[in-house]
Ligand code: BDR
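Here we start with a single chain on its own, the form predicted alone, put down as structure tokens.
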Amino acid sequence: MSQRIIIDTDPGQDDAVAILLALASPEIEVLGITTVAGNVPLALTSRNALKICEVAGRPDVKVFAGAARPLQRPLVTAEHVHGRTGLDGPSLPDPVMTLQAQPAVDFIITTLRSEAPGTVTLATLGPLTNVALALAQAPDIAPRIKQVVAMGGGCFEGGNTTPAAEFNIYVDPEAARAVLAAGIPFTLIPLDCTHQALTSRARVEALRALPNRTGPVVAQLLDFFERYDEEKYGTDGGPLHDPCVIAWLLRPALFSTREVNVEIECSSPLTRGMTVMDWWRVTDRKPNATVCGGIDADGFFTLLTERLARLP
């Protein structure tokens, strides 16, 4: 039986690879893609989502534009990581596909109200603004959501945007706090996990060698994307964050997890966006999230390469 998901995303090279992995996997039915401002502004993240669907040969996938800014703060973007377009690297043609007229938040609400309760997963790859807005506008959808699986945060790895905060949470910490507080089953894939999934030269070359269009495109995306983290961390390759969300849905056995309490810091100027994880259960706060602490990186890249080979 297929897993039915909505992908909420701010593409981004790693978001693009996550979308391609989902579209290449028969176990997953993508009901729609909702875009949010994050890595680059909303007009670009929406355009990038359309481009990636066309790379995958899936013009049937519906893309909905969402929030152009966080709930309470000015937008922070990451062109220094992802480039001016968010998908710097390959030269991709302008999309033929167009955005749906329905706003992303309305699509999330109407889909969850129309589908059977507990059958739709929200796979979130960027700031959680769209999901928080949907929950605020329609609290009745919370118990209908099967689960939220989110890339974000960090525990022992700290942050990648500030010493304390990972980008997706930092951009809209109030949204992350609201979604965590909604009582929805929540899986968090933080930097502690994704920093183990490194795009080494051998792994990128395996993608480049695929005898299709998608493999070389992904290799070019990663050539650009990994340069920032290679310089920052001194590693062979950079962390491939967002595809871990889709890999978790496909192969949870690749991951090690722990049930912990996660709270989001929204006030402190030093630690805004910090995911405060009670990893060692030193408080009496009840666990509210499944946190992925580790990943079988070889198994992850084997899965990714095998699935991307199925695309055009």
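Sequential numbering from 1, following the sequence displayed. Owing to the predicted nature of the structure, the values given are computational and were not obtained by experimental measurement.
Omitted here: the form predicted together with this ligand. The next part is about that form.
Peer 1: How about residue 107: is it within 4.5 Å of this ligand in the predicted bound form, going by heavy atoms?
Peer 2: No, residue 107 sits far enough from this ligand in the predicted bound form that none of its heavy atoms falls within 4.5 Å.
Peer 1: Please run the contact check for residue 151 against this ligand in the predicted bound form: heavy atoms, 4.5 angstroms, yes or no?
Peer 2: Judged by the heavy-atom cut-off of 4.5 Å, residue 151 is in contact with this ligand in the predicted bound form.
Peer 1: In the predicted bound form, does residue 242 have a heavy atom within 4.5 Å of this ligand?
Peer 2: Because a heavy atom of residue 242 falls inside 4.5 Å of this ligand in the predicted bound form, the answer is yes.
Peer 1: Might residue 39 be said to contact this ligand in the predicted bound form, defining contact as any heavy atom within 4.5 Å?
Peer 2: Contact check for residue 39: yes, within 4.5 Å of this ligand in the predicted bound form.
Peer 1: Between 145, 191, 133, 222, only one gets a heavy atom within 4.5 angstroms of this ligand in the predicted bound form; which residue is that?
Peer 2: Filtering the options by heavy-atom distance leaves 191.
Peer 1: Go through 187, 121, 214, 160 and name the one with a heavy atom inside 4.5 Å of this ligand in the predicted bound form.
Peer 2: The option sitting close enough to the partner is 160.
Peer 1: Looking at 68 to 76, 134 to 142, 165 to 173, 196 to 204, which lies within 4.5 angstroms of this ligand in the predicted bound form, counting heavy atoms?
Peer 2: Only one stretch qualifies here: 165 to 173.
Peer 1: Taking only heavy atoms into account, state which residues of 4 to 42 are within 4.5 Å of this ligand in the predicted bound form, ordered by sequence.
Peer 2: Residues within 4.5 Å: 10, 14, 15, 39.
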